[in-house]
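Below, in structure tokens: the form predicted on its own, a single chain.
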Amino acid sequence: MAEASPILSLKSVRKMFGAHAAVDSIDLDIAEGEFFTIVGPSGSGKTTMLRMLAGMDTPTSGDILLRGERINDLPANKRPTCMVFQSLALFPHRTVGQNIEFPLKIRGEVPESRKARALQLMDLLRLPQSYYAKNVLKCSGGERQRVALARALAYDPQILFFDEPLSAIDYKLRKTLEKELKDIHRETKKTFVYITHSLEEAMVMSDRIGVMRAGKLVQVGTPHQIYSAPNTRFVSEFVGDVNVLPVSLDTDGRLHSRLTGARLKPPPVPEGFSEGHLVIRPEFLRFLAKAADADNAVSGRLYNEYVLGSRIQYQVRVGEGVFAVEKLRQQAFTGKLDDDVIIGWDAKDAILVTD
């Protein structure tokens, strides 16, 4: 994504509830036109942060800037922003068209103009124009999601905030709507700020992701950066399946694994590193004919396998530990359960983290 100037900036933003810091000294710039997702487990502070950005809560300290102007005390209805809630907050006894037109009606636009804009937005959101007079309660869950988004776009906001809007939808529809939201973002060129507890959801849609833990942003980066170069064990484990080995650095520059007893060739070692964790994604592990076929190798027993659509994940018991090895179906391992196996990886395909 091309560099753009920040539309939203947070400067040392903190939100206290009594003695508890729900959001703790956050610094962040969100670029105009960016799809930025805040992800984290329950209680990490992501919803509190979104509420402050949208104007529903006020920071205890620090500043929120919109195009460089401080907006800490500007109420939500005075900001050029709109929120799409998890509950959708549609008017249940009104039609699809009436729901979408509501912001335009409040603004005083004439009926003909309102209807033209509603139909335009329905086309954008892939809602049949015949739905214009349909009661919103007769729409499916996915259709109501589209109506809520069309209504938000009718405000013509500079920024759209999303509070876990897909969390209550079944898996297949959620995957469809994830792709549609990314398409809509591209078509509208609006700034999207999205909250979710699902890293998978964030990886599909986002230009950048901010991972929150205990009120702090622990890492911000592109989906590729978050997945390939996590800066803590927490981030690595939050982003899909991962193998994590407690290790210490020996005086000869090798790593000692307390779990397997192996001495390993390390990836680039962070300055000052003495002990921490070695992180290896399952797709970087492979089955070996002999230990010399990879920089690092361990022997174990093939314990189980799991078919994951186009991929197969194998569970290999190594001493007291378990390794996950993942392959495409066409590269499936031909061994049998309980076979003795050797698995390995190249040093460059692992990461060392201290936390």
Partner chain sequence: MRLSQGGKSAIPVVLFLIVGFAAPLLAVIWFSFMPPRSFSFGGAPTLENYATIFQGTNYISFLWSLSLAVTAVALLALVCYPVAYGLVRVFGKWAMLLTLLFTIPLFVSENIRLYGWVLFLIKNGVLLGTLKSMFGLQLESILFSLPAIILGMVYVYLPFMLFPMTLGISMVPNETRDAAFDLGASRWQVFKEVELPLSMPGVVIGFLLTFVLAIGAIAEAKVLGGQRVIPITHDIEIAFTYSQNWPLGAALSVLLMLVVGVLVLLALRRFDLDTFLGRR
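Residue numbers count along the first chain shown, from 1. Computed from a prediction, not measured in an experiment: that's the story for all the values here.
Below: the form predicted in complex with its partner chain, not depicted.
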{"query": "Which of 269-277, 97-105, 119-127, 198-206 lines the interface with its partner chain in the predicted complex (heavy atom within 4.5 Å)", "finding": "97-105"}
{"query": "Its partner chain contact in the predicted complex: I226, any heavy atom under 4.5 Å", "finding": "no"}
{"query": "Contact label in the predicted complex: G141 to its partner chain, heavy atom within 4.5 Å", "finding": "no"}
{"query": "Contact flag, K179 vs its partner chain in the predicted complex, heavy atom cut 4.5 Å", "finding": "no"}
{"query": "Distance check, G253 to its partner chain in the predicted complex, heavy atom within 4.5 Å", "finding": "no"}
{"query": "All of F238, V307 and K327 with a heavy atom within 4.5 Å of its partner chain in the predicted complex", "finding": "no"}
{"query": "Contacting member of N72, N135, S167, S113, with respect to its partner chain in the predicted complex [4.5 Å, heavy atom]", "finding": "N135"}
{"query": "Option touching its partner chain, based on a heavy atom within 4.5 Å in the predicted complex, out of L285, L245, L90, L217", "finding": "L90"}
{"query": "Members of 193-208 lying within 4.5 angstroms of its partner chain, judged by heavy atom, in the predicted complex", "finding": "none"}
